[in-house]
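Starting off, we have a lone chain in the form predicted on its own, written out as structure tokens.
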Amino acid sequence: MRVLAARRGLSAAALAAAGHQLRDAVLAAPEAQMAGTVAAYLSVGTEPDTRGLVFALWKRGSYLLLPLLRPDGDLDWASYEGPDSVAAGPRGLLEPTEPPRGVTAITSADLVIVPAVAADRQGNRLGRGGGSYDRALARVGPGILTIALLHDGELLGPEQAVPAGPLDQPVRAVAQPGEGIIRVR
């Protein structure tokens, strides 16, 4: 896929810069400023870097929930208690070491931040194909801001669409380093 190839071509400096820009854009959002509980994730590989964002939200006083990948592919959630509260998990993921709170813990989030490979203007996101985040997003209330983090160029144009099936859950916004947060749908 073209997007994944472009991601592999990003330098460490470009990944870090994108992470800083996304952190600043999300932190500036009113929903992030008011959020008591935030569900987020720790990025891996060439995903936009979220470690600075997660740490900043935690330092700001938000209660952070991070995912734990269950054997059935669903996501459980546990609290983030700082950089020392995570460990290596399955598939190269970093996961919280705190006790699991259950798959429905995401329903308490005031803001939900999810990964994506690409997204379209209707909020359909392309993930890694496991459906884990679609199951989690199906539990999020309709008034909660859900943001997919992308690199620049990964939000498809108005004439393009991400293939979406009946189980795929759209997001309400995307964030790109150069554009900030863009409301979709």
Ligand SMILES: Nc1ncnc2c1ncn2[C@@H]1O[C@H](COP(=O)(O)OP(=O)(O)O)[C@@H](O)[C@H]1O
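Numbering starts at 1 and follows the sequence shown. Treat the numbers as computed from the prediction; the structure is a model and nothing was measured.
Here the subject shifts to the form predicted in complex with the ligand, a form of this protein not shown in this document.
Each of Gly131, Arg135 and Asp168 places at least one heavy atom within 4.5 Å of the ligand in the predicted bound form. Contact annotation: of the candidates Ala56, Leu126, Ala29, Ile144, the single residue with a non-hydrogen atom within 4.5 angstroms of the ligand in the predicted bound form is Leu126. In summary, the region of this chain contacting the ligand in the predicted bound form, judged by heavy atoms within 4.5 Å and restricted to 160-168, 173-181, 21-29, 6-14, corresponds to 160-168.
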